[in-house]
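This document starts with one chain, in the form predicted on its own, laid out as structure tokens.
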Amino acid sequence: MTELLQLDDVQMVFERGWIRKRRGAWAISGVSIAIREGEILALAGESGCGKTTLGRIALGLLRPTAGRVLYKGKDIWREKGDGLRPTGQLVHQDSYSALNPVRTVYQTLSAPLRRYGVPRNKLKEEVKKLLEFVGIMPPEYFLNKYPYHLSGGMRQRLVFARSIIPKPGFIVTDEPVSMIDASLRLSILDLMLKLNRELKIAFLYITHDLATARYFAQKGKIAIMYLGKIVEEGQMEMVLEQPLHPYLRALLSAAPVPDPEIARKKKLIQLKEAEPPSAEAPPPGCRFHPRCPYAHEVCGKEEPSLRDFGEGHRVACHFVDTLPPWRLI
């Protein structure tokens, strides 16, 4: 596999008001990630850490304050004219707001199909094929339905059907199953795996739910984000089985588990502070140190760099080697 998308030392600062000299919010600070063709990368972290902003930068919807966005080796913001935009698609959290409420299912899919060269006399046939492919059955029944006629899961399937019409190289999904009934979430994740497997579409899966991230990207990679920075990354199973950063350990200790015996025995990692610092005034040194139970004096002075601990498992922490072994219970 070759690298499809690469973000190199990307920064994003949102200025406040009209006066540029006022302190802005550091949404992204020095993030570098790469997604290969057909690869799945899960980007996880708590709300407000910059995940959605990073996804919009990857799609070329936001121009970063600093750093490069490379698509197939070319800097998308250094090309002539409007620049080279990645052939990516975005699937939002709220499928209803992503669809035009006064357009039928047929109109929603036929317009982009027509835009990409499908003749008028073949539009209905192609729309049916798309609906069958994403699991909206029987397709004839849904052609004249409006978004409010569909369930949340059906609407999200329709959004995915529309997203694959341009034959994208990758899709950015921003919490795509968080607004869907729990009983249907796996079916949507399985649909995404089908798109990855059969159409070779790469995915940037943005989520705060480590359980769905583990299911969807079980053979892919995961990056843990905290306050605009990547603090741990690597192969999914390796990272979640042997978490090294205190922040990821805290997330795993707080996540619910289906086994009641484990749920009763596991111990929560107690953080020093419940709320993360403001992005407008990030703390010096390690950004997690005001909340970290293992922090030392150096953590508030020196920012740790991502170090490789084998097989691409990288962690940004000064005291990885001295932390106690990871145990859930």
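Please read these numbers as outputs of a predicted model, since none were measured by experiment. Throughout, we count residues from 1 along the sequence that is shown.
Only in words, not in the display: the form predicted together with a small molecule, which the text now covers.
J.: At 4.5 Å between heavy atoms, is G48 in contact with the small molecule in the model of the complex?
T.: Yes.
J.: Taking the shortest heavy atom distance, is A42 within 4.5 Å of the small molecule in the model of the complex?
T.: A42: no, not in contact with the small molecule in the model of the complex.
J.: Quick check on I35: any heavy atom within 4.5 Å of the small molecule in the model of the complex?
T.: Contact with the small molecule, no.
J.: Should V31 be classed as touching the small molecule in the model of the complex when contacts are defined as heavy atoms within 4.5 Å?
T.: V31: no, not in contact with the small molecule in the model of the complex.
J.: Each of F14, A27 and T52 having a non-hydrogen atom within 4.5 Å of the small molecule in the model of the complex: is that the case here?
T.: All three within 4.5 Å in the model of the complex.
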